[in-house]
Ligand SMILES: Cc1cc2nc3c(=O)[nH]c(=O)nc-3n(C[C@H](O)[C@H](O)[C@H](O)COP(=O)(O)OP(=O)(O)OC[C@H]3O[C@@H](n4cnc5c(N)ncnc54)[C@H](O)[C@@H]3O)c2cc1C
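Heads up, the chain below is alone and in the form predicted alone; it's given as structure tokens.
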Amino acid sequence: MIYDVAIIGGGVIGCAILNKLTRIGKKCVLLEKGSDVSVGTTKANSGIVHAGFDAKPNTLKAILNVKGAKLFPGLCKELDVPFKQNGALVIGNDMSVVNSLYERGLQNGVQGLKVLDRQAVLEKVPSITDNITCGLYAETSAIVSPYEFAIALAEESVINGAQVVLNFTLSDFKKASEGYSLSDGTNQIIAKKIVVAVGGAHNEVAEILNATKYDLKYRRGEYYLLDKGAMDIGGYTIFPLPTKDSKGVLISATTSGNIIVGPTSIPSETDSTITTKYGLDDIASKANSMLSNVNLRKNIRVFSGVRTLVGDDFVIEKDSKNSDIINVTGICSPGLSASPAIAEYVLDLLGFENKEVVIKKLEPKIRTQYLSSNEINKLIAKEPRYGKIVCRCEGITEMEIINAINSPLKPTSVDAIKRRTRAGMGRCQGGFCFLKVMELLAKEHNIKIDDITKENQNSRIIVGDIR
């Protein structure tokens, strides 16, 4: 098959581009070096759909953030992805900065902004510290599950004819009679046009494609993830006043009911996702300067992600050496928020008309943790495996895991199941359920249990003879 477009990179940006192209009827393939989509920066994202008041006016960041945020509610509803317009507060003690953000937001076309004095902030979040004197409220700010969003984008694409090739590390590229040949030594893909959306690995891929390289910079963001009920923040996303380099350490609700605290913004020479005592101490200090009820003792996990920067704006452009290649890099914050709009921007660069065709839609997921007892009993009467709890922390059943294993983009790792069902995301972080998940993966895929990995190919859980 000759594809219209090959997208290299299976983060939320690559998946959004794949989905949009599929929705207009193009034959597309997504090439991802990991064992699943959303295994890089996307899975370590804060999950904030920013309103758009922070980005400098008239930049791609500003324009695509605001446009993308408007597309999110409808898209998440279509894809059955957890999304909530919870509102955000930027708090601090410098009213001039707050007013500047407000004016910038108006320039960017953001609606629902309101400047608050201390009393107004207190009414929303009573636990603010004594040094907080003012704030900005952004009504349209929202939260989403970033990895579920990326997975759903890819899965809808797959049921409509797109192909996703996982464990694909590009090793060879050459001109073909009808486009370009991309190979990893095993698979050969022929495509007329190519979109490079690999984040921090851009220059490595560009070397193989003989495409433009950029001056990439990396910043590591470390996080705490707190247990459900760890602290009351009114359901909001709470930011400090931003700095030149970062939106700062935020404290936010998540769509799952947990609280996320972070990230840091630490310059890094590599895309290593380590966490450090220095970074975590910095998060604690900054969070405690905003709220008096920060309870990091309720932490259930620390993690980090690395964002890639190219100057002060996104890079989304035709390659200067080959106009059949579109480079998409430097997509740091607000990249998630902008992702649906980035996809439309790329569509235009590719020269395609934004005219969607009739497509198949994903079946809604059964999430038993959100159902009533009567609804669950009806499910169990039809399928008893809805009554077998595998993950006690999150209340995930055996049948939900089996459904995930047999979904359009069939997961093969324990972490891939975690992202689709939340099995293993609770207080014990999979300590009690991971073996059962492995057993179900092995059974459904008809493979040996010691072939099951935690994530990618080099993360086998069982090594050696377990008899």
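Residues carry their position along the shown sequence, with the first being 1. Owing to the predicted nature of the structure, the values given are computational and were not obtained by experimental measurement.
In what follows, reference is made to the form predicted together with the ligand, a form of this protein that is not presented.
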Stretch in contact, per heavy atom within 4.5 angstroms of the ligand in the predicted bound form, of 220 to 228, 291 to 299, 384 to 392, 155 to 163: 220 to 228
The ligand contact in the predicted bound form: Asp415, any heavy atom under 4.5 Å: no
Contact test in the predicted bound form: Val5 vs the ligand, heavy atoms, 4.5 Å: no
The ligand contact at Gly68 in the predicted bound form, heavy atom, 4.5 Å: no
4.5 Å heavy atom contact, Pro340 to the ligand in the predicted bound form: no
All of Ile151, Gly424 and Val437 with a heavy atom within 4.5 Å of the ligand in the predicted bound form: no
Gln369, Ser127, Thr169, Thr276 - the one with a heavy atom within 4.5 Å of the ligand in the predicted bound form: Thr169
Of Ala55, Leu64, Cys433, Ile48, the one that lies within 4.5 Å of the ligand in the predicted bound form (heavy atoms): Ile48
Any residue of 181 to 212 that, in the predicted bound form, places a heavy atom within 4.5 Å of the ligand: Ala197, Val198, Gly199, Ala201, Val205
